[in-house]
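Next up: just one chain, as structure tokens, the form predicted on its own.
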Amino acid sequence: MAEKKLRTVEEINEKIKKGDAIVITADEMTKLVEEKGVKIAAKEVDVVTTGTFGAMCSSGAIINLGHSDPPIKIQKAWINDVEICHPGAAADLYIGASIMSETRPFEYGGGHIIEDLIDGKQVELRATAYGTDCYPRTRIDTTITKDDLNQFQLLNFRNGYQRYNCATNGRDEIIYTYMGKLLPNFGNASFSGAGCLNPLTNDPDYETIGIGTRIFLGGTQGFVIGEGTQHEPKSQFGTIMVRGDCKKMTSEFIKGASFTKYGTTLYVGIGIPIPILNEGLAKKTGISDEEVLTNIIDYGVPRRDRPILRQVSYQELKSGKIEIGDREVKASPLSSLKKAKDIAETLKMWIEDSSFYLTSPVERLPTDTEFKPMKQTKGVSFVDTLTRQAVTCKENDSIKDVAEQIISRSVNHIIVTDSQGKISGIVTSWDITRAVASGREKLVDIITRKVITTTPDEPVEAAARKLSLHNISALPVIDSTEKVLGIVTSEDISKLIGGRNAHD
């Protein structure tokens, strides 16, 4: 049954024009609903403003350079040593936020170029081409600012997730991800999104959001132009595709950023006004952080479908501490909650000042879209396919006994385990040789305690990177309880990768 309408967008715009519209932010709406209830809030409020400010990697900007003299049909281009995509005609370029500098990788990238241009800074452009009769030029080197560009439009394919997972790491080593630096053994957790302020959280059925919805984008007015990529509303992972004029934006709400050992990105400020057309929307925009739930995911498992450890509310996340098992873990936001509030407040002020009007979507966002995984025509090898039986010993074994095992079993690595079969260290043939040469007799004196390990479901390529990064020749294979399942060696991996490359 359709909700009874209390007001229309046209009626709200008329009130905005007269300066009579009642506008509050999403967190203010939460308090109002708690204090007075949904019915009164629905009658009193015309518009609820939302906001979010976080890393949105699927962002970028289209620029048009105009034609040089003589003209050039650009084939490849770089701005400040960041390779720029050339998606179309001779002078159109797309600056992808996550593309990194060739000379300063992990420090500077496309997101920083967009911020620099918005700030009015001069950037260096170089481009090459193969030359044609009508575009004879084959190279150009110049400098540009935003004032030199015909168009400078932010065009983001996937922004403003309805909700974000909370990330943690169950591995025994630090990992670097798009959710930041994650410490080993669930040492920390990170999350994104603004909870009850998050735009799509306040209209989860997209009653008022779709193609043509006017929004706050990067400090100016922009528009939703459709569903974002990977839009999956059934799982509450809706996304939006947005555009706006970068020449009118401010770097207060558009920031280039770098994630350590992961890459570059762009922080984008987005705010969406939700017109309170009916009581249902009043109830939805009255949602609290306690009611906004997401999953804690173990990013230590390098697979598409990672383990869900538990659900958590944004109230718990924003407290700075969450529970994982029987442990209290520090939780840190990757988004700026302060900026999210600033965006909602700024949008509220624009509407109250009659400088921002609402638009009804030409077409609402779809609610039945499913996100499909990539089709793969070639299989991927995982560690379990290469795992061989491990030779193990106990800490109280003698060096002589371990040396005899190395010789009789023709191995270079002995894994030290406890009484439950859990890993407690590793010893190599080199360790034994050195111990014998120095006259040592106790195994406990030569055990390496900090062991780099792998799991059965880790891709072989990821295991190979570990071997190279740590300059080691084998990885014990363990399960989630650290019980030893076997071992995989650099020789095994080299044979697999070498054979696969020869076959390809």
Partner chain sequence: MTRVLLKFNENQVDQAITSQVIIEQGIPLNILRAHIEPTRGEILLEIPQDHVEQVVEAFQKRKVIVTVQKQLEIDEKKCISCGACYSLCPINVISFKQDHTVNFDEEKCISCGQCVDACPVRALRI
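Positions refer to the first chain, counted from 1. This one's a predicted model, so the numbers in the text were calculated from it and none came from an experiment.
Just so you know, the form predicted together with the partner chain exists too; it's not on screen, but the next bit is about it.
- Which of these residues, Ser335, Thr294, Thr346, Thr387, gets a heavy atom within 4.5 Å of the partner chain in the predicted complex? Partner contact (heavy atom, 4.5 Å) among the options: Ser335.
Check each of Asn278, Gln151, Asn188, Ser313 and return the one that places a heavy atom within 4.5 angstroms of the partner chain in the predicted complex. Flagged contact: Asn188.
Please determine, with the chain shown alone, which of 425-433, 128-136, 258-266, 68-76 has non-hydrogen atoms within 4.5 Å of the partner chain in the predicted complex. Within 4.5 Å of the partner lies stretch 258-266.
Contact label in the predicted complex: Lys234 to the partner chain, heavy atom within 4.5 Å: Answer no; every heavy atom of Lys234 is more than 4.5 Å from the partner chain in the predicted complex.
Given that the partner chain is not shown alongside this chain, does Gly320 nevertheless sit within 4.5 Å of it in the predicted complex, heavy atom to heavy atom?
Judged by the heavy-atom cut-off of 4.5 Å, Gly320 is in contact with the partner chain in the predicted complex.
Taking the partner chain as it sits in the predicted complex, is Glu107 in contact with it (heavy atom to heavy atom, 4.5 Å or less)? Glu107: yes, in contact with the partner chain in the predicted complex.
Next on the checklist: Can you tell me whether Ile144 touches the partner chain? I mean in the predicted complex, with a 4.5 angstroms heavy atom cut-off.
Outcome noted: No, Ile144 is distant from the partner.
Between the partner chain and Phe53, Tyr176 and Ala331, in the predicted complex, does every residue show a non-hydrogen atom at 4.5 Å or closer? All three within 4.5 Å in the predicted complex.
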